[in-house]
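Just one chain is shown here, as structure tokens, and it is the form predicted alone.
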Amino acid sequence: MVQTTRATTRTELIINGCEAIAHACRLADIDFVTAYPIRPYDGVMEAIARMIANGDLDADYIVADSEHSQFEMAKHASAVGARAFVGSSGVGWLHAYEAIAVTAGLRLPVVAMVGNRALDDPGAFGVEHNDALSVRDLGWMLTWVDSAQEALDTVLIAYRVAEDHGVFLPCAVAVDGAFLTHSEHLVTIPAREQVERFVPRYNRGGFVLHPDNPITIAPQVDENWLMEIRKQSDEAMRRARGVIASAYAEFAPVFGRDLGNPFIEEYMTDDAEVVLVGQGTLSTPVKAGIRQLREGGQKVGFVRLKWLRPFPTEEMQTSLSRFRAVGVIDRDYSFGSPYSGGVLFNEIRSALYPTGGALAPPVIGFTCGLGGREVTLKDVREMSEILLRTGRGGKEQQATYWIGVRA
């Protein structure tokens, strides 16, 4: 279906999350992409390869000998001024970890997709978030999406934000394996003219690596300058919040679609007593479960976190402090962490701590849906019952629960 709007033409296609990411790369007119096959990311490299073969995209496409090599090549391409895209999944993401860490340290605005998948061993092709979460403290911006449309939109926003001269940080777009990478959605593909208005050409300015611009890349500074360089990355991540907000605000006038709050999505929260919080595609079963609970008179809502780095501390405090209890659903694990909770659970508890003593709602952690296991309506009911009991003054015996585990 082709629809015409003011001076632009957009197309609607039924495509999966991997194909949506590939269309975003085409529209952003990437210069360089690498490939090394690993499920469930490999659908992106296959789609981009078809686009190049069909003449729809002009980009250098290099098949690497490993995940480490492909991230190394993307890093160097970005340093010389090429708009670079790369991606992986699960243990492939970890195999590239050295290059991934260096990309952030060198302030290179590579955009990567993580097709979330359980880490080996034991392995599973289904979704867990620990692969992407491994970079949360390195200087990578990190965002989760819950639809193919949001995947396409967010890649465009990622380039817009990462390549901002006040940011120059890489960005990982996390896409839940199978549930989103390989499920099909109706997606609006914007016109190239719209994207060109929204995403300016990549320009490194005086930081481009070129024979005519002799600069040092990857210096060994030891104790003399390391803290100062780390502080510069900290300031860039702080500035990224404002750049993200500006990008979302400017998205609607260009594309004719309002993406809402840049950092969080609220669902049925206006009169909610308690809320569940999560990220990625678990939003679909949780929203369905909440609708059922509402039919029974139970006032449960849902808050979806869009960006984990930079973390939207103020937005989460404002939103979550309104409720009697908060339940955080982690599709990850953090063994040995405080209260044996997941990563997101501890991030949110930390964010709510300064809201003030008795005013801060109790936070319960739920580990659920690991390895691609479904988050079922029964699971949503069980978590909600625990929350409602807590919010109405009940005393929970534990701070965290594993949901859906067989006895």
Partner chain sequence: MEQIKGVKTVPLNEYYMSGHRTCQGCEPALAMKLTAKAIGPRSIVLGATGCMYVANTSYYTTPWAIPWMHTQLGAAGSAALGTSAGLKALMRKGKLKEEHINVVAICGDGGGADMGVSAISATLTHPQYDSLIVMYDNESYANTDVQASGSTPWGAVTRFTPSGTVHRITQTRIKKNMVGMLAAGHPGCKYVATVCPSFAVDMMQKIRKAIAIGGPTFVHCLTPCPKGWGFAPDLSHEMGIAAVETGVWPLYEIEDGMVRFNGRSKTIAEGGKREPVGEYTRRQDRFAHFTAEDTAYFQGTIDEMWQNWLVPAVIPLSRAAQ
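Note that the coordinates shown come from a computational prediction; the quantities given were computed from them, not determined experimentally. Positions refer to the first chain, counted from 1.
Omitted from view is the form predicted in complex with its partner chain, to which the following refers.
Peer 1: Would you please decide whether V63 lies within 4.5 angstroms of its partner chain in the model of the complex, comparing each non-hydrogen atom pair?
Peer 2: Yes, contact at 4.5 Å.
Peer 1: Taking heavy atoms and a 4.5 Å cut-off, does D56 contact its partner chain in the model of the complex?
Peer 2: Contact check for D56: no, nothing within 4.5 Å of its partner chain in the model of the complex.
Peer 1: Within 4.5 Å, heavy atoms only: does H68 come near its partner chain in the model of the complex?
Peer 2: Yes, contact at 4.5 Å.
Peer 1: Looking at the partner-bound form in the model of the complex, is G256 within 4.5 Å of its partner chain by any heavy atom?
Peer 2: No - in the model of the complex, heavy atoms of G256 and its partner chain never come within 4.5 Å of each other.
Peer 1: Have a look at D271, E314, D137, E98 for me and say which one sits with a heavy atom within 4.5 Å of its partner chain in the model of the complex.
Peer 2: Result of the distance check: E98.
Peer 1: Exactly one residue in E72, D153, E163, E128 has a non-hydrogen atom within 4.5 Å of its partner chain in the model of the complex; which is it?
Peer 2: Checked against the cut-off, the match is E72.
Peer 1: Pick from 273-281, 74-82, 138-146, 178-186: which stretch has non-hydrogen atoms within 4.5 Å of its partner chain in the model of the complex?
Peer 2: Residues of 74-82 come within 4.5 Å of the partner.
Peer 1: Within 4.5 Å of its partner chain in the model of the complex: all of L320, R324 and P338, by heavy atom?
Peer 2: No, the candidate spot makes no contact with its partner chain.
Peer 1: Which of the residues spanning 21-35 lie within 4.5 Å of its partner chain in the model of the complex, based on heavy atoms?
Peer 2: Going through 21-35 in order - heavy atoms within 4.5 Å of its partner chain in the model of the complex - the hits are D29, I30, D31, F32.
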